[in-house]
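Single chain ahead, written as structure tokens, the form predicted alone.
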Amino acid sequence: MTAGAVGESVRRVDIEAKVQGRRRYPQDFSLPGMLHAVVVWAGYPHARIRRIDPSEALAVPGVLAVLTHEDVPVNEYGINIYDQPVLASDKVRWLGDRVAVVVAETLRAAERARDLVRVDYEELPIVDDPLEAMRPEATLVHEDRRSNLLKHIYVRRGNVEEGFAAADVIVEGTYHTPFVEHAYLQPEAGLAYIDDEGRVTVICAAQWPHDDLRQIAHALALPLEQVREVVPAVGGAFGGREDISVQILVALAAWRLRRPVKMVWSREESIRGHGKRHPFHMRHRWGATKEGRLTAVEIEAVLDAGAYASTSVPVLENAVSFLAGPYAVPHARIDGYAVYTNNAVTMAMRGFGATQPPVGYELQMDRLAEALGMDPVEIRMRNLLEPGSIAVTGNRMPAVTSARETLRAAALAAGWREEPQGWRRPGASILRASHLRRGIGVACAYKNVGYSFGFDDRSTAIVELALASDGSIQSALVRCAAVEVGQGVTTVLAQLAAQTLGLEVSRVRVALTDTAATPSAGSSSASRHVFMSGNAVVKACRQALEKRDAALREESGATRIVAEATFRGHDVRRTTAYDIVDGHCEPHISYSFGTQIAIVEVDIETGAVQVDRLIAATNAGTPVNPRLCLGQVAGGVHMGVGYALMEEFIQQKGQVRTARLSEYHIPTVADMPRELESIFTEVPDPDGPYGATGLGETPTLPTAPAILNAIHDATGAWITELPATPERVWRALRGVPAQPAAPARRPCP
């Protein structure tokens, strides 16, 4: 058996360099003659800019330039829509807008001069509630648009009125999820310079370097081939590095001044300046028969896009496809809205529109179970999608559909029994103290793998083989711009190459990302690299073997073989956009499924919640590296616990109230489940490399709703707004109104 083959828990190939401090991160790079740059941030969340006066700043010794919008050739960028200025010109729309960049010989001089840039503002009304922002009379965030509505997406299936008429029970609920900070270890940093070939080169942390090139080149009005990006080690991402942060700013400064320029944000600047997870306002109405079969769902979801579009449209697209959960629904009316406000820009974060919906659909399932007197596992089993089922968007589910397998595995591990009359939950356990209440909650979820809705998702890999004189493979080099952001993709690609080439994994090297030498692999997001880039690497390896065999037959004496291959998602499943009439589509290439069961203890005197045990059953096809898969589950659960119980990026009238990590609560080891059990159901994806598919995001999705359902099981109280802080739980237990929250009302069209 090949050492390091698929299925083995190979040690991460980058681990030694990182733990020994040899692997460099963007802020670790310096060059001779390097300048330092800092940002002048917006003074208000919404204001007109009357005048920018840099004269005092330019008088500071060592200051070379104060760059403003007048220095940007094409003053716009955006990962989906060019609606964001590189440097604000006419007005600022959130506190994260950049107004100017000060460049100096020393960091101290740059920081001193930053405080001397005078900006004359005219304050404007602040739009901070997406529901209010949808009203016709609302102040416009973007005055060139007729409204603050960025996008409306809908799905119509069957006849909802008939579905509710056939229901024996109907349950309704409104739910709210908050802004969430990515809180990755490494704040934003970048170094830009002009390389030996005259290219504007940026060293930075990124998730999609080739798309960064597009935006940098556009803003600087340069041909694409005159821009280059190098991505060394990345200190975490979770979606937060998919958008541009410092890249254009340092590139602009280096291009203008023809000297290397470095910029490193403080933690406070990082929290202020990069986007957050979208908050959702959701309204659900669900019907079911007395046998527990769903008859109809009506769902409305409004997400806060913040000041600029970022990825809000594709996040909304994803969310609408998942709002009804992994269930077969004959009748549905679903509406989703993305709305501009003066809040922080919202963007990709682990789950990408699939993380918020389970908070609604899984609490709805428990509400139905309670109304029907039915076991929560049983009602889910009666409605879960199967291979061949028709989803709410009208598409037929593929062979990898494995929601039932994950639910069965988790339920059995938690003590449920499958009996002829149905599933039966375990009995109550003994309480440790009279003020504690113990509850158990279940939640299912699913996530797309790869980009969706007609996007031509692809990844390219180059494989170079070094041959001995007898034609045997000495080593292999894989070039593929699948950025390692901590998820272990470099190790997994090395294992897939080793498996295909018949090599030990130690003889396979995966090159770091440099857009001048590594072909585009798309973004490190959408749980896609194992599926997309893994397939590309396997394909390139097989082509390299064919070339090697041909060279042996020809006795050419070749000692180096190079093969390049591109894998395209639409070769597996051609996705389509939402139909303009009923919203039906072929939304996704592949899927990953998960079920989690949480056992919690609730202190009814304080409202504090402790997760005692959490069981996570996940299907990601065939695990390439089981240890890395376990790490993804543990990390996903950690983020899910934070989402459920404590994490909330707070803004009031556009002002940030959680401006530091000391003010933003992230779970520590003490907050994690006392016991975490991970189960992989291993239903292979026939289209994935050796049966594997994506995993990175799925383990986050069911955690919060499982905990919320467990809190209800323990106390009888429904917590419908995240996070379930002790205060919110305490208030719910006593029927005390919560602090002001989003109104539960139908959004304006």
Partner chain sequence: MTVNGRPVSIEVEPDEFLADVLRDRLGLIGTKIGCREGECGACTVLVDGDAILSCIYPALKAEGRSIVTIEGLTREGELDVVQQAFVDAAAAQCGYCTPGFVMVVRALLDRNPHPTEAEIEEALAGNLCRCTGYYQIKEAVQLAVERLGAGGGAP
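This is a predicted model, so every value here is computed, not measured. Numbering follows the first chain given and starts at 1.
Below, we turn to the form predicted in complex with its partner chain, even though it does not appear here.
Enquirer: Are 151, 719 and 738 jointly within 4.5 Å of its partner chain in the predicted bound form, each by at least one heavy atom?
Expert: Checking in the predicted bound form: none of 151, 719 and 738 is within 4.5 Å of its partner chain.
Enquirer: Counting any non-hydrogen atom inside 4.5 Å, which residue from 568, 435, 290, 627 sits next to its partner chain in the predicted bound form?
Expert: None of the other options qualify; the answer is 627.
Enquirer: Within 4.5 Å of its partner chain in the predicted bound form, heavy atoms considered, which of 550, 672, 431, 477?
Expert: None of the others qualify; the residue that does is 672.
Enquirer: Which is the contacting stretch out of 493-501, 592-600, 420-428, 634-642, given heavy atoms within 4.5 Å of its partner chain in the predicted bound form?
Expert: Going through the listed ranges, the match is 634-642.
Enquirer: Although the partner isn't part of this model, could you tell me whether residue 99 comes within 4.5 Å of its partner chain in the predicted bound form, counting any heavy atom of the residue?
Expert: Heavy-atom contact with its partner chain at 4.5 Å: absent for residue 99.
Enquirer: If you check in the predicted bound form, is residue 647 within 4.5 Å of its partner chain, heavy atoms only?
Expert: Yes, residue 647 sits close enough to its partner chain in the predicted bound form that at least one of its heavy atoms falls within 4.5 Å.
Enquirer: Using heavy atoms and a 4.5 Å limit, would one call residue 372 a contact residue for its partner chain in the predicted bound form?
Expert: No, no contact at 4.5 Å.
Enquirer: With the cut-off set at 4.5 Å between non-hydrogen atoms, does residue 181 touch its partner chain in the predicted bound form?
Expert: Close contact exists here: in the predicted bound form, residue 181 approaches its partner chain to within 4.5 Å, heavy atoms only.
Enquirer: Since the partner is left out here, which residues of 605-625 would have a heavy atom within 4.5 Å of its partner chain in the predicted bound form?
Expert: Contacts from 605-625: none.
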